[in-house]
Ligand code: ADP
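Heads up, the chain below is alone and in the form predicted alone; it's given as structure tokens.
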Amino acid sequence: MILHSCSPQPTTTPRNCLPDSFVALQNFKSCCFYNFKKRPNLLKHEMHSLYCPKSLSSNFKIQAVETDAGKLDNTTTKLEYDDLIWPSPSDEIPFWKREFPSWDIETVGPVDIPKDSDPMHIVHVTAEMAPLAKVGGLGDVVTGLARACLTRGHKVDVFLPFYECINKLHIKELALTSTYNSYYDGSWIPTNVHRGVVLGIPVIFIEPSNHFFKGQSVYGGAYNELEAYLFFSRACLEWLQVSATQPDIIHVHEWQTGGLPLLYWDMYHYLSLKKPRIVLTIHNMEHYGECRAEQLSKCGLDGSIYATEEKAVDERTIGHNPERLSLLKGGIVYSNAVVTVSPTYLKETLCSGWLAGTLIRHRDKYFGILNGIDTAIWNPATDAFLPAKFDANNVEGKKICKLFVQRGLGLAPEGLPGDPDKVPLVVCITRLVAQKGLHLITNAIRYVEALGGQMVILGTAPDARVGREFEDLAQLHNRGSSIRILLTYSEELSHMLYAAADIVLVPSIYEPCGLAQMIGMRYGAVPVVRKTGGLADTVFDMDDKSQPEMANGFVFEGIDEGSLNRALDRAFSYYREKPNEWKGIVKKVMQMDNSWNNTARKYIYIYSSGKLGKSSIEYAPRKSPDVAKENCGMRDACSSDDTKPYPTNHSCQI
């Protein structure tokens, strides 16, 4: 599988100035820049003449800085990479949009992981999955956890909406396997089921015949997202029902699938789905899935019966007209186990936020498990996107990656004559939203430049106002030689930036877990983070004398610019004045085990029957199957009169 991102591609093809055959040859040579011998002068004499001289998109407006590719402080390294084709900001195609070699990570992974003695069938129901439909960390978590459980010998399936924007090249063995009907707002919607394999994970794609999940992005389509995900939640249960599939665990994620536990316990469990138990993972408590009762009713439930504090009402709306429900709260109440993505975030959510009372009431089934990273996908020793490979015992390739990125982005090469290691490169890869500490990020741009460092920001802003502010900052800074603000999403570039970085910055106001700090450490970037959520569980301050054995980064607690500045001061001081200690930190963070195997082991412990608690609905008086049939949305057709045939392929066909 070629691991590429789903980032949008240019809508126009650059106009070539040379014959097609010559261009094809040159493209082949320039794309595979680390697998073949190259002529050192190709960049200067051929790359610039390959396309018409309308170099880089005006979105970036990067000023080129001429550097000597041979300025490496290790003779062996210099000779080894003499033939590398170095990028330039004037290249028609940015270096991160070149083609890359095939990277079959399905065959890459730990081989010494023991199989669990009691394998289970685990089904994930999710709105995101990397790399197919990735917006934030949710997609990475689903893919990483699924792959880890497969490695441990469990059967795993992932249910995902078949978004129109999905790049089908990421999917192996894609095939339409069946069509069935699923209920929505008084009608049964013909729905296609496609199967495929993504990074070794079996995936079941749900494709309704209506307008749901159409559009050029995962979110933001011209349909009601909440109603679409309610449909999706029921459609997944409906497929399990009509296919007679009884998994051990149905694992739902975030508010998008928070309605599934309600549908399961109040409808499908009374029909034929008897075996599964429900686990909910909350990745970010700020997204509640606010829902009107009549919207919930469109999936076949009676939405009004959930408008109580014990079930799903949003307490903030009590007394309002209308009161609202929360799919996330309903998921908490109705799931057998609820997991959030770090121990510290669990403590924080029990102490603040309107859902704290609900979580306290269900504390016995609420767990905090730190996310992991997929160490096959994020591995600098095998990463196909890097111009040079490296590991904890040989970091010379990291220097090449840094110089490669500097040249490609037009940053001044590291250091001054006789002083090669005085310019740390700070990287911040993030969604540009308030949670991530926008005022601290903008402060870091100024402060890193004032300290004589370099900084690259990679991210997108969902809010147009924030986007305009960062576009203005990009216009101001991208013509210089020390700051680059790239308002785009690129999986390829993120790999290169982590490999190039000396410091990874994560100044979040709150952070349920955070993956950037763990990925950065895997690639030898020392983290500078704010002490919150999962950042507090993974990064420990270098100057904390109480636990020196855990020290692996620089931590600040305040949300003010001064607190961040002091942390950056300390990091820069270590980098410049204590080079041996810095090398020791780099080696230490690269050797840390933040793999999914540790996390998967804890999830499997919760999945097991001895640890999985009861859903609150199981304590409640049991309803009769007739009530479940009423809730299915086809009350008349699903009467207890056995002489009445049920509609084809619907939930009451027992």
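Note that residue numbering follows the sequence shown and begins at 1. In this text the structure is predicted, and so the values were computed from the model without any measurement.
Not pictured, yet referred to below: the form predicted in complex with ligand ADP.
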{"property": "Triplet L138, G459 and S490 all within 4.5 Å of ligand ADP in the predicted complex via a heavy atom", "result": "yes"}
{"property": "Stretch in contact, per heavy atom within 4.5 angstroms of ligand ADP in the predicted complex, of 560-568, 490-498, 255-263, 310-318", "result": "490-498"}
{"property": "Heavy atom within 4.5 Å of ligand ADP in the predicted complex - the one residue of R361, K172, R446, R431 that qualifies", "result": "R431"}
{"property": "Of I204, I519, I201, V339, the one that lies within 4.5 Å of ligand ADP in the predicted complex (heavy atoms)", "result": "I519"}
{"property": "Contact label in the predicted complex: Y270 to ligand ADP, heavy atom within 4.5 Å", "result": "no"}
{"property": "Ligand ADP contact in the predicted complex: F95, any heavy atom under 4.5 Å", "result": "no"}
{"property": "Proximity of W378 to ligand ADP in the predicted complex, heavy atoms at 4.5 Å", "result": "yes"}
{"property": "4.5 Å heavy atom contact, K365 to ligand ADP in the predicted complex", "result": "no"}
{"property": "Partner contacts for 299-329, taking ligand ADP in the predicted complex and a 4.5 Å heavy atom cut-off", "result": "none"}
